[in-house]
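Below, in structure tokens: the form predicted on its own, a single chain.
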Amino acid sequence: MRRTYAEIYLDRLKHNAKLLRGIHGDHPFFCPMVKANAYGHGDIAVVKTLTSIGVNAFGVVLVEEGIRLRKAGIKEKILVFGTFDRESLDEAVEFDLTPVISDRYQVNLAGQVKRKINIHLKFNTGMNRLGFDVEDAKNIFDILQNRKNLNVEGICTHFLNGEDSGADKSITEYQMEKFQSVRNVFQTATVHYLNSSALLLNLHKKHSAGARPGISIYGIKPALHTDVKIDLRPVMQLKSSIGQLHEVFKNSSVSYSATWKASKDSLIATIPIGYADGYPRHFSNQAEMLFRGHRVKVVGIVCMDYTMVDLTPFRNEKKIEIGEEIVVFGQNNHGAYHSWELARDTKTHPYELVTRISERVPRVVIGQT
């Protein structure tokens, strides 16, 4: 097996889901987002694990993602939050996927389906990406009264900033209040809009609603809430190993374009992970990795298949071996360097880190689904 791999800990996934459901309380709608291959963690293993503890609804964006889960034997409700055309809608109906409709074009397409289907409606409360205008809710309700094949099962919106609840009147709270007019129109529909941040901040206590946790299910706190006291456990760890070692003389360069030069005689390790694996080129000369419990600097340009790190501080310690473990992000018995720390250091976002890990990086699943 390739020595660069992502470990996926299913016991941590279960722990996070139980913790978040406990926060959410007794509201029946709890729908983890498993789009983008479950944020890079492996959608089939993630969904099967969550169904084993009673989770009965999941969110994707692409019809193809929903079909993949159905073909893997998943029977639970799958909501498709992306846009669709006639062909993809027909496939959604065929595989018993629930479309989340966000404009009149989609209403017209769904109205042409020759059988009764459940749908959810998405309304725009400030994100300005997808969704009907809130002011249009009554008109949409009236139109759907004449579409007898369409059953409005749920209504939802999407928060543009779930991380700002320190103010008396946060943007998120404003969106929830704005959505109240939609709730007044579609009184029998399930309401859902709580994201990870809203759950961590207990905003559901102000407006009861269903939850669609994303990043928190995978054990990563939203960016502005890393200090929130909650025992979320990172589900993914990305690891590699030393592929080669090079003695590099003072003033010699490393990697393309000579962007890094040794200030003294140095020991440089080549790690078999690069931007084709989802370790981005812009990490060049700024990211760190974990070696023997200590952080070591990435030096030179990140290549398609390789990244170099400076192990000079260890040259006089215990002999460094080819194949010795490097933690790209995660932890081992010696220390930790979590994905949100790497994201902070490289001015990116942990969402990007986990979702961009490519398919050529094996996922090593630890635990039982």
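In case it trips you up, residue 1 is the first one in the sequence shown, and so on. Since the structure is predicted, the reported quantities are computational estimates derived from the model, not experimental observations.
Only in words, not in the display: the form predicted in complex with a small molecule, which the text now covers.
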(request) May I ask you to check whether residue 81 falls inside a 4.5 Å heavy atom distance of the small molecule in the predicted bound form? (result) yes
(request) Give a yes or no for residue 68: in the predicted bound form, does one of its heavy atoms lie within 4.5 Å of a heavy atom belonging to the small molecule? (result) no
(request) Report whether the minimum heavy atom distance between residue 274 and the small molecule in the predicted bound form is within 4.5 Å. (result) no
(message) Please tell me whether any heavy atom belonging to residue 35 falls inside 4.5 Å of a heavy atom of the small molecule, as the geometry stands in the predicted bound form.
(response) yes
(request) Tell me, out of 195, 255, 241, 98, which residue has a non-hydrogen atom within 4.5 angstroms of the small molecule in the predicted bound form. (result) 195
(message) Just to be sure I understand the contacts: of 292, 183, 207, 122, which is the one whose heavy atoms reach within 4.5 angstroms of the small molecule in the predicted bound form?
(response) 122
(request) Go through 318-326, 333-341, 49-57, 27-35 and give me the stretch that gets within 4.5 Å of the small molecule in the predicted bound form, heavy atoms only. (result) 27-35
